[in-house]
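Okay, so we've got the same protein chain twice, two forms, each given alone as structure tokens, structure 1 and structure 2.
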Structure 1
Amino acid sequence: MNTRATLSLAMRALLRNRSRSLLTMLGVIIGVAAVIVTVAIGVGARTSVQQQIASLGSNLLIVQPGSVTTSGARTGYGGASTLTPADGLAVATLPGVAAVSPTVTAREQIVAGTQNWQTTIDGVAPTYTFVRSWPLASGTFFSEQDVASAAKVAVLGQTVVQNLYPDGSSPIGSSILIDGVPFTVVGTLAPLGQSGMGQDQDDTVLVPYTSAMERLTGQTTVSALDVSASSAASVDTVQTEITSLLEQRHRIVAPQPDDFQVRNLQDVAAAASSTGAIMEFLLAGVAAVSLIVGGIGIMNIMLVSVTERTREIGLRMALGARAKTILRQFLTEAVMLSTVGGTIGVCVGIVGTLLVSLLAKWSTVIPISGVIAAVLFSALVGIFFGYYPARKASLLSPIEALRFE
């Protein structure tokens, strides 16, 4: 019996009991659909986290103040006020550094006409948009001349624009008061949305860091140094060079602790990616249990089918059918059940993924490799769980099978 005849015979056998075949496939359909949906959610979550981390900047390193000890009490990170704009200029001369932006942060009430809003004021350098990969939506950014003269110019985030200019008018050229100091709006930032920690990145006003230090905070130190490495491959090297340079500038020798910390966001991205991958495999593994349950259902139904068709098997053997032909026929039926069920499950899974994305507003990504793996796994389930019933059918004695009632 050739392959075409085997497939035709298997199809007719399954169609004779349509309801039973459909119910048997239901376990595989649910299993494959569950695998598709869970993998899509896992990959989507991992991709979303990676994009959020990437949106923080181009090969970004963040230098923050460290901890100091006062009267035996340690302040924790951020307690030391030792980072200065001069440190940023020194870091910018390192060979692997593409750009540096000092950052001075304050929380202030701002006023524009009859509207007011409390937001974060970030004093930064003109290189900030490059370091953070943050383009402008309109207007211009301030220049090095504005930094040198501590100019009273500002660039607004989209959340600030919406709250200070609810009528939709352009803020470019208008004047706002920051802690009572008038600043001229020269540009607006493109929307970034929420950070990975749920913070609104658009709720900010950017001013020259010299203006923030001289006109708003009165500080002589900065809150952080945002550093962009020239390439992703050089991030670790640049991190080591920054540490060595600042230890020299701050006269820190072992065993003294550093009064700063250098954070490498690639480590955060790698950790997030690893965690996402583990969760993705965990979800897929849980969903795969449904496929195994579906496979047990296939084996059960095929054993019933062998019992029901014992006389048919005996008759075919008496007419010359070989044991391997009987084995191939029943194995084909099992594989057909699981493969068709797997294909339907893929369609159900894709629809389910779209519904999850639409209703729950979750980021989902359906990987082609996941779809192919789900269908292949369902076929393997059919082979694995269908082999025993098929083997049992092929080993029946023709005489005993013909006597079966």
Structure 2
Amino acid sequence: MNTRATLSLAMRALLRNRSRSLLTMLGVIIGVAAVIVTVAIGVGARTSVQQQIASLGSNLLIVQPGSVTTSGARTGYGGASTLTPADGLAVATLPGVAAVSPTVTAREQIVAGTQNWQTTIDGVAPTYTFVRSWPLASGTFFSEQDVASAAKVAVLGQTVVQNLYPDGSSPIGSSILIDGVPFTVVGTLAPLGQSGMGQDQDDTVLVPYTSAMERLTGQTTVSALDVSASSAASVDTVQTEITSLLEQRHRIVAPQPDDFQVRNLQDVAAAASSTGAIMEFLLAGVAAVSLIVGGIGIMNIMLVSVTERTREIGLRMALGARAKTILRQFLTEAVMLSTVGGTIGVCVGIVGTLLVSLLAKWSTVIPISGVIAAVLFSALVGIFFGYYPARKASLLSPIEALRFE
């Protein structure tokens, strides 16, 4: 007997008991739908965390000044004034370092025409757009020459643009006052949105770091160095090299604590994604359990079905069905129940996922591999839980099956 005949026999047997077939499938439908929704939410959450981390820049390392102790009180990281632009230039010469941008941060009131706004002023180098993977929306960025001359030029973030130019006019070429000092706007940054910590990254004004030091903070140190490693693989090596270079430059010997700290954003990313992976694993595990429960439901119904259809099995044997044919038919019925249930479950799961992302505003990603795995797994459930009842049916003696009351 060929496959098509087997399939059509199994399908007819299932269609003869529509409502029972549907109820049997329900377990698998719910199981698979649960797998799809939970995996979609898990992968979605992980992807969005990864995107937020990636938006911080490519292969980014951040060097911060260390803690300083004043009358016994330690300030914590960033408190010391130990990093200089010269440190930045030295780090830039290391192999494996693609670019370095020092950052000098100040919080100032800015004025443009009749509007004013308080925001973060970041003094940076022209390499900043590369290091932070942050493209311009319009205009140009300031040059090395602007840095050398501590030029009074600025590049505005989108939030600042919206607040200083509410009429929508182009800020390029206009003049703004930062802490009373006039700066010319040369460009605007592309919108970046919220950071992983919920900060509005667009609420910023960029100026050359030299200008920030000379005209705004009046300091000779920088608040951080943003370092971009040339590849993701070299991040760890670069981190070690920066540490030893700065220890050397700052004359720090072994027992002494470093007066700086090098942070690697890949660590943050790895931690975040491993948390996500654990969550996903847990959710998928719970969903898999529900699938197995669905499979037990199938086995239960198939066993009832074998008992109920004993006479039918006897008849089929009398009409020439081999034991193997009977086994194949009942196994096919079980696999059909579970696979059709799995497919319906995928559809329900996709609809459920769309509802979740629509109503809860969670970002979700339905992985194709997950969909395929769910359907395959449900087919496996059918084979596994269908085999026992099918074998039981095939072992019936035709004469006893025919006599069965």
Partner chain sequence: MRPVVDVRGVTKIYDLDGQSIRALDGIDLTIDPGEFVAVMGPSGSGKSTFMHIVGMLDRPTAGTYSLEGTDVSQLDGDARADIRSRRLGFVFQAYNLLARTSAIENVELPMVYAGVPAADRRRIALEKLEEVGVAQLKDHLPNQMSGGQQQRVAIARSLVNDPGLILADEPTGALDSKAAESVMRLFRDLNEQRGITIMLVTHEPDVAAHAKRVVTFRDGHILSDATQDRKAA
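Since the model is a prediction, treat every value here as computed from it, not as a measurement. Structure 1's sequence is the ruler for residue numbers, which start at 1. In this text, rigid core is short for the largest set of C-alphas that superpose within 1.5 Å between two forms.
Between the two copies of this chain, it is structure 1 that is the form predicted on its own. Once the rigid core is overlaid between structures 1 and 2, Arg328 counts among the residues whose Cα shifts by 2 Å or more. Relative to the superposed rigid core, Thr339 undergoes a CA displacement smaller than 2 Å between structures 1 and 2.
Remark: with the core as the superposition reference, the CA shift of Leu354 between structures 1 and 2 reaches 2 Å or more. The rigid core superposition between structures 1 and 2 gives a CA shift for Ser397 of 4.5 Å.
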